[in-house]
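Only one chain is included here, represented as structure tokens and corresponding to the form predicted on its own.
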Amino acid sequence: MELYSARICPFAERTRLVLVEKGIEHEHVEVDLSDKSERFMEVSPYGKVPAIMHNGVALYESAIINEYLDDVFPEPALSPADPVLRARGRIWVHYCDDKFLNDYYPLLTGSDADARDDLRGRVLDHFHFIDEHGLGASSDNGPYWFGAAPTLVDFAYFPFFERLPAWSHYRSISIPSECRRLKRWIAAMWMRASVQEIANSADYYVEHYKGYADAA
């Protein structure tokens, strides 16, 4: 298996975390997103990371890759056995990509101060929604989205919270004190060996997201 990835990319980190959690052997190919190779573009026609080549098959889009990995390498399972919970997990990943990130990234990159104030409020609303309706549904059974063990949902969200120090530094956004479940979840994720193996420092993100914030 070949993994095409970029260190800065949270979507690529999603798949890197799953590969490490499952102990899947692979060749890591670091992609220069400013100078994409022909080989990379063959594997990833969108020109985005992550992408994998496995047994002659190219796959891209992090959520799709991660479901594939969970199907082909079933141990340890990173999806609930219950079909209803699996469907809910897909809904939460969709919420991340279609709702949360549509406010989270513009908060950093937007240039209009009034718009940023509105986005800051919306991001805080997302934090409360995740705390109450996501993690709150299983808070009695463990710190993760579906209880005692992490799933693809946890690995879909965590890379964006790992990068929160850049948002805190440039846009003064942080986890509200009342979002206790969300804080517990972040702490539990930081304890995982896969996260510790891959994670970058807060200073790394402050430095590497400076261009996005300063351009706004």
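Numbering starts at 1 and runs along the sequence shown. Note that the structure is a prediction, hence the values are computed from the model and not measured.
FYI, the form predicted together with a small molecule isn't displayed, but the following is about it.
Of the candidate stretches 61 to 69, 176 to 184, 150 to 158, 22 to 30, only 61 to 69 has residues whose heavy atoms lie within 4.5 Å of the small molecule in the model of the complex.
Contact annotation: R192 falls outside 4.5 Å of the small molecule in the model of the complex, judged by heavy atom distances.
The small molecule is not shown here, but in the model of the complex it comes within 4.5 Å of a heavy atom of K48.
Of the heavy atoms in A199, none are within 4.5 Å of the small molecule in the model of the complex. Contact check for F11: a non-hydrogen atom falls within 4.5 Å of the small molecule in the model of the complex.
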